[in-house]
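Take a look at the structure tokens below, where one protein chain is shown in two forms, each on its own, as structure 1 and structure 2.
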Structure 1
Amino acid sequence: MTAVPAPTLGRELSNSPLDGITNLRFSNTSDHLLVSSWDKSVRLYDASANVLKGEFRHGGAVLDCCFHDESSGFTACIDSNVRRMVFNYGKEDILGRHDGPVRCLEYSYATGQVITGSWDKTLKCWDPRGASGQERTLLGTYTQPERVYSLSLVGHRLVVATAGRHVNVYDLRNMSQPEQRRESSLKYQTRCVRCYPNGTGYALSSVEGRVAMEFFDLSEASQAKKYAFKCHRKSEAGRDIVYPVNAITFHPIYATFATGGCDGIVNVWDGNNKKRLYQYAKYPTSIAALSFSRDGRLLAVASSYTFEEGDKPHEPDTIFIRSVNEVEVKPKPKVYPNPPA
């Protein structure tokens, strides 16, 4: 009865972080999972084997992490440092420093750069191949209108979402100024931005249960396709309770995407057909981060309180690895209803 965990949530990873999970990402080459947390640690799991393969401890809470390759990764830390970790040797070094806590980072396979966004209202590009030391690794600093909250990359495009609902779109090959300066089409604070895998646009979520689907192409035809939809809300007797949408992750094969909100629910959407494909059972607490594995067969779900209501007792922070059925993520052909008579 209670001894058996609910199978609908997926397999729970053992040795999960002791404090809020800030992000998790699957490797591009294996089922390894990198997890950053407020408990000042970065952990590397083998998700399919449910094994904790390594742990790094930093000077402060780790707000983001990403893989470099199978054997190394980068972290964004609240102590303003950007670090590189080498998993095999348990070695870490400091790639460079911001003037404020580093909120998010991405590694660009196209340019071999690490891009970090910080609350010091700057974006910095780093070359991890340079010898350790800021003067050799720092490629550039780009001032943003506000504190950077979320980053996403596709090909050479970089989307930066900041406080104050700014969205800057950059071309990594010319970072001198944004290719596009936009304002979020959502009215509330941006939580997460993720580019479409096909590189045509990005999805942006806000604290107010809503996700906007945007397109880079500024032509009328392309912009006509953009839309926003509501999600992660609870409707009770005609009343809505709206939850922040913390996480978006795209399926690597079908380009459908999953969203996770503070309601502890993970939804899978088909952006092209404007359909919800699946809703997973409610997780114990807010969904802090989501990641599909490289083949899209696994979905890592961080069920971890995201401090949306301040300091308060909450469910333990856990990572669930769920196997993804094709039905849950495969776009269904659009059904056209009979034209109105």
Structure 2
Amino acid sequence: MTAVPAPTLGRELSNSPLDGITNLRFSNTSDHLLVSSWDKSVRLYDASANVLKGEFRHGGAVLDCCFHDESSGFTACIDSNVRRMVFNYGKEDILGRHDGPVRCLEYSYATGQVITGSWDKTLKCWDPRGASGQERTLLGTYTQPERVYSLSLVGHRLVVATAGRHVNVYDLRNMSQPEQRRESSLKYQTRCVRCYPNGTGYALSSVEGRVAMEFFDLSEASQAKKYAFKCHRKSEAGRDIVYPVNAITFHPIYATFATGGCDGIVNVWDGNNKKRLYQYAKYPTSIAALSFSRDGRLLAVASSYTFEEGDKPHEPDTIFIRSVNEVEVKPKPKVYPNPPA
């Protein structure tokens, strides 16, 4: 299928971070956007109004962020701290610590817990309602087979992707051991994992320009539906150039999904029909993160060099907000040939 390029990249947000963007996430109640960065900041924007509403500075690079509610959130920091911030009051405190940099985190609206994954090879669950201090807020520590690279939640189910291509699937209501211990079906290092909105499985991307579509149900019929596909690669001078796939985000209405790679390209896919729906015009540099807004009308794109080719001159780190047209994200109905007369 030939994808039609979009004519524009979208609108640039003012006051973008000054160093590599590590993640961005839309609120599930508004067009507020939370952004974390290597410049030690976490910023809250009104993406529709193009207004920076608040900013906190931490003691080291901020590797991930997520919302708690409309005006507060949590951060994962390279200084090993997990912080919570209340933008309305300009207040922050330390929820707890790991023994190494905290790479990723999620907030579970189903259980009221913050889940953090670290390069210290542990997963931790926290109660953010308690007083400050690790002893009063830490609910549990769960050893992982390797450094944690990516987390994703859907309902009570948590997917943990680590170095060494390990994937653990947990039920947050019983964290004593994983429901499933898996190995990535992709041959190379995992970059991102994101659960399907309907809760039936997850998409996993790697540094080698591939995405795997997996299912939780271990029945033979369900496992027969899983597949992997190549993306974010090109042929040049007779050789294949393959790019890491850094970001995956699912559309909240149609459950199609976008991927972003180090090639500066954003593709939109129909996973059920195994088709690419759309390809946007090339962004200035690597796509570090992606997020659809709660109603799917907006897509936030972090165009931010991810140092896959080492330290070199690169375009400034920029956040683009693009309006999403239905034709870009809505699955196309299958067309069946007319039966013979």
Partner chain sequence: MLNIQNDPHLQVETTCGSLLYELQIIWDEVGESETDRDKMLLQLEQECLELYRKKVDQANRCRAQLRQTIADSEAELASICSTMGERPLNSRQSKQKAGSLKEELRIILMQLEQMQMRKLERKKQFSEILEQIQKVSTEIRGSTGYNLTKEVDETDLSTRKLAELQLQLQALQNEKSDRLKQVMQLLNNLKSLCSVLGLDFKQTVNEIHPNFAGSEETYSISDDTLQSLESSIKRLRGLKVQKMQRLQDLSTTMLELWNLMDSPVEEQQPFQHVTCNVAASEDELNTPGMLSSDFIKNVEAEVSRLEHLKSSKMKELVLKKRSELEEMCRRLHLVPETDSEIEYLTEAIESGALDPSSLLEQVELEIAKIKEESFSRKEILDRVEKWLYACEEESWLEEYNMDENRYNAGRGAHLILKRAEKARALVNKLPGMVTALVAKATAWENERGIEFMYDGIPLLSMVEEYTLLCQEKEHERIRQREQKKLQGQLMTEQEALFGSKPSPLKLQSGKKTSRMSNGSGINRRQSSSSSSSVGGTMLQTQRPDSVQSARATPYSGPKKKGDQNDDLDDDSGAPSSNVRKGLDLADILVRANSFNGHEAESHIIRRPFSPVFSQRSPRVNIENSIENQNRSYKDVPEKKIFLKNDLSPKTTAPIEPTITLLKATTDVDEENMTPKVVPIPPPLTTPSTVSRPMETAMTPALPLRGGINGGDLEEEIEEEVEYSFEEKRAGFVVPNTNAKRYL
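Residues are numbered by position in structure 1's sequence, first residue being 1. Basically, rigid core = biggest C-alpha set you can superpose within 1.5 Å across the two forms. This one's a predicted model, so the numbers in the text were calculated from it and none came from an experiment.
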query	finding
Which of the two shown structures is the form predicted together with its partner chain	1
Rigid core fit then Glu220 CA moved by 2 Å or more between structure 1 and structure 2	no
Threshold 2 Å Cα movement between structure 1 and structure 2 for Arg173, core superposed	no
Distance the CA of Gly238 travels between structure 1 and structure 2 [rigid core superposed, Å]	4.6
